[in-house]
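So this first bit is one chain, no partners, the form predicted alone, shown in structure tokens.
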Amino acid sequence: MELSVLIFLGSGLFLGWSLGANDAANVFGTAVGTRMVKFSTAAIVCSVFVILGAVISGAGTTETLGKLGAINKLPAAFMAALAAAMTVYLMTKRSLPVSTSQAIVGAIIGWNLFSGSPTDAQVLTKIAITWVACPLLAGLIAVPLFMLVRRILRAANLHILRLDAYTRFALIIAGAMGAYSLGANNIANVVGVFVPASPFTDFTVLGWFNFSSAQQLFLLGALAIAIGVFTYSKHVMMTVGQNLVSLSPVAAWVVVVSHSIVLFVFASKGLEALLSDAGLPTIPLVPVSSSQAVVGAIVGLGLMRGRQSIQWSVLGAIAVGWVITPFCAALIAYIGLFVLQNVLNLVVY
């Protein structure tokens, strides 16, 4: 049984590699694209903090995604992860920033269609709406934040060399925080479906730290993410940080911070409770795409400077990638499940 779990886990590791290759652009693409941070530095910092975020804070799973469909067989979990990984890889080959969450949603729907399981239309609609709201909100946050930061810097009147040093440091800190969040929030998408069948056993490190089987699984997935960052993320980083809109270093920092704020807004139970207690409409706790948040913030700053500053052909290609991703993952998952069941005689539901 353990050997079969390890074999099936390969698709989760492939998904982790694909996530690292694609989503590293969300936290360091603007810094690398503006040449304020070297790619090697970004890759090291991103990899370290992705691993820390996954092992320390990666135990949770996304309830909203779980409501779409509960995959109840290991071969089906393998195919869902593989379908999502192949989709993200194909988009990465095109240097397009896409969302692992989008791919996972598509793969789950593919399993629902194949198994005859119902898809909660209300949950699916809520997720789809956030795919539109996320980049819009990021753009709306980025513009006033950039204006505020620019006013503060003008008042401070820093020497250009000191400003350059501060900006580089701020970009690395913001990227490290973003990478930690990436590991914590996305590791469940990579290996979460395998946690119930984990082949590892708990053990104690140095007599006081309990290293659970789930954390060992998260570490394995995080290492796959880190390898993806080092081996294949540079092309997507340049698309996000350089090809879409030419950004100043300060604007690059604003983009990363805006992206982090959006992720917090859609993930904070405290904010939801606060709005509810005040009698205000609550923001749904839905997993949103960090890729869409970053692109939305960049486009918002580009529109502030003028429509001509945006490479509309690049933006159009990115938008097409967003639309295609869930459909592509659903199709691959459906075909793959058919092969597993009818050719390899595996039980998938």
Partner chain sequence: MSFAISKTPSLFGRTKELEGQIDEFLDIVTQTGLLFNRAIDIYLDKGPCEDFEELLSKASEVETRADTLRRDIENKLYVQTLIPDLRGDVLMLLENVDNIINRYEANLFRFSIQSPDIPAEFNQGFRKLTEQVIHSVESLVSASRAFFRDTNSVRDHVRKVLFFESEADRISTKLQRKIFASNLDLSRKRHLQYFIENIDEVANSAEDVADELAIYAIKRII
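None of these values were measured; they are calculated from a predicted model. Positions refer to the first chain, counted from 1. Basically, rigid core = biggest C-alpha set you can superpose within 1.5 Å across the two forms.
Although not depicted, the form predicted in complex with the partner chain is the subject of the following passage.
Peer 1: Going by a heavy atom distance of 4.5 Å, is residue 264 a contact of the partner chain in the model of the complex?
Peer 2: Output for residue 264 is no: heavy atoms all beyond 4.5 Å of the partner chain.
Peer 1: Using heavy atoms and a 4.5 Å limit, would one call residue 161 a contact residue for the partner chain in the model of the complex?
Peer 2: Flag for residue 161 set to yes.
Peer 1: Given that the partner chain is not shown alongside this chain, does residue 274 nevertheless sit within 4.5 Å of it in the model of the complex, heavy atom to heavy atom?
Peer 2: Close contact is absent here: in the model of the complex, residue 274 is far from the partner chain, nothing within 4.5 Å, heavy atoms only.
Peer 1: Even though the partner isn't displayed, in the model of the complex is residue 153 close enough to the partner chain, meaning a heavy atom within 4.5 Å?
Peer 2: Yes, residue 153 is a contact residue.
Peer 1: Partner absent here, but in the model of the complex, which of 163-171, 86-94, 274-282, 226-234 has residues with a heavy atom within 4.5 Å of the partner chain?
Peer 2: Going by heavy atoms within 4.5 Å, the stretch is 163-171.
Peer 1: Of these, 114, 180, 146, 131, which has a heavy atom no more than 4.5 Å from the partner chain in the model of the complex?
Peer 2: That would be 146.
Peer 1: So the partner chain isn't shown here. In the model of the complex, which residue out of 210, 157, 125, 201 has a non-hydrogen atom within 4.5 Å of it?
Peer 2: The option sitting close enough to the partner is 157.
Peer 1: Could you list the residues in 32-48 that come within 4.5 Å of the partner chain in the model of the complex, counting only heavy atoms and keeping sequence order?
Peer 2: Counting only heavy atoms within 4.5 Å of the partner chain in the model of the complex, the contacting residues of 32-48 are 34, 35, 36.
Peer 1: Once the core is superposed between this form and the one not shown, does residue 296 show a C-alpha displacement of at least 2 Å?
Peer 2: Shift of 2 Å or more: no.
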